[in-house]
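Starting off, we have a lone chain in the form predicted alone, written out as C-alpha cells.
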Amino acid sequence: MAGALTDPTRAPVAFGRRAVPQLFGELLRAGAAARLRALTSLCDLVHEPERLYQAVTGGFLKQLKVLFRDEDPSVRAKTCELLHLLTSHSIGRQAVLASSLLPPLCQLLDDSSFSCRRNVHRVLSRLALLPAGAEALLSLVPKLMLKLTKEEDEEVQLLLLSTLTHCSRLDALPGLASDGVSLLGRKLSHRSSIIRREAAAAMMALSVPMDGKRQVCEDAEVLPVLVGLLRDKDVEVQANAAGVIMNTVIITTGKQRCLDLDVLPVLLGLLSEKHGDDDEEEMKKRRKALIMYVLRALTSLAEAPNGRRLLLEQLPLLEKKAEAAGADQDIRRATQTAIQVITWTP
C-alpha cells in the first residue's frame, strides 16, 4: 500500500513461520544498517514463545557468532540483546550452553561498547541460573571478580554479583582463589540495598567451605560489617548476613570473633522482634529464613563457654519462641535444638 507507514529502524517481517528464517537470512546481508534492522525486528518477534522456540530450535543461533565480531558496536550490542531475550526461557539457555557461542560471547566482556557489555552480563546472569550454566562459567569467575572492581554501573554490578553467587553455590573455590571475600566485602557497605543483598548472598556461598570460613575470619573488615548488616532495613540483607555468620561460627575462630564483636544481643534482638500477621507470603518466607539462620548461629555459639554462659541467661526468650502457638514447625525444632545445646551438661 503506497500510503502505509513503515518503521525505518525495523526490517519488513514475513507472515507467520516465515518471519524468523527470513530475518535471520537478512543478517547475512552486507550493510550494518540492514543487519541492525533485522536484529531489531527479531528482538520484537522473540517475545512470542512460538517464535522464540523456532529461533532456538531452527539452527539459527550459530549465525550470531559472526555478528559478535561485527565492526559496528550497535550490531554487537543488539546481537547480545537478542541472545538475552532468547535466554529468558530455559530452552534458550540450554540451547546456548549446547552451542559454541559461549567463548566468543565471553570475549565481549571487554567490548568498548557499554551496552554490549551490559547485555553480555545479562546473558551470563541468566545462564548461571542453570547448574550446567554455572558450571560452564566457573572458569570465568576470576575475570568476573576483577570486573566487579571496575564496573561502576549498578545494574552491571548486580548482574555480576548474581552470576558469582550462582557459580559459588556450585563451587566456591574459584571465587575464594580470586580474593573473593575481600572484593565482595567492599560491596557489603554499598548505598544500594539490592547490591548489599546480592553481595551478602555471594559471601554466604563463599563461606560454606572451610577455607571460606577462615578467610571471612581473617579479613579484618568483613565480620564487623556483617554484624552491622543484621540491623539493615532490608530483611533479605539481614538474612544473607545472618547466613554468613551462621556458616562462620561453625569454626572456633569464627565463634570467638563474633562473640568479641558482641553479636549475641543483635541475634537475640532479631528473635524477639514482633511482626504483624498481615505480611505477604514472600515476606514471611524471608523472615523465616532470617530466623532459621539466627537460631543456627546461636546454636553454634552456644558451643563456646562464653556463648553458653550468656545464652543461659536468655533461655526464657528461647523457650517462649519454642512454645509460641503460631510458631512454624521448622523454627520450633531449631529453637529446641538451640535450647538443648545451651543447657547441655557433661
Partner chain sequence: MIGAISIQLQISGSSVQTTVRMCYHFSRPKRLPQMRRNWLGCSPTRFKPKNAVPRHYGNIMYDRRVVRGNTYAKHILPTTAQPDPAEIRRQQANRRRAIARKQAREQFRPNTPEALEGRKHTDVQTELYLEELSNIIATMDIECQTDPFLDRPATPLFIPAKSGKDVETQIEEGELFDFDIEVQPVLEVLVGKTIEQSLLEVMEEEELACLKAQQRAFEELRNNELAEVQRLQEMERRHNEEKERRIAQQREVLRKEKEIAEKIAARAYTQQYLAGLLPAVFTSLRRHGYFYNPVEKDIETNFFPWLMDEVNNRVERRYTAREILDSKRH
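Keep in mind that this is a model prediction, so the values were computed, not measured. Positions refer to the first chain, counted from 1.
One more form of this protein exists, namely the form predicted together with its partner chain; it is left out here, but the text below deals with it.
The single contact residue among A34, L310, A289, L317, judged by any heavy atom lying within 4.5 Å of its partner chain in the predicted bound form, is A289. Here the marked residues L61, P103 and C217 all miss its partner chain in the predicted bound form; none has a heavy atom within 4.5 angstroms. Of the candidate stretches 258-266, 71-79, 180-188, 209-217, only 209-217 has residues whose heavy atoms lie within 4.5 Å of its partner chain in the predicted bound form. Its partner chain in the predicted bound form comes within 4.5 Å of no heavy atom belonging to K321. Taking the partner from the other structure, its partner chain in the predicted bound form has a heavy atom within 4.5 Å of a heavy atom of N247. Taking the partner from elsewhere, R126 is found to have a heavy atom lying within 4.5 Å of its partner chain in the predicted bound form.
In the predicted bound form, none of the heavy atoms of A199 sits within 4.5 Å of a heavy atom of its partner chain.
In the predicted bound form, A289, M292, Y293, R296, T299, S300, E303 are the residues of 287-305 with at least one heavy atom within 4.5 Å of its partner chain, listed from first to last.
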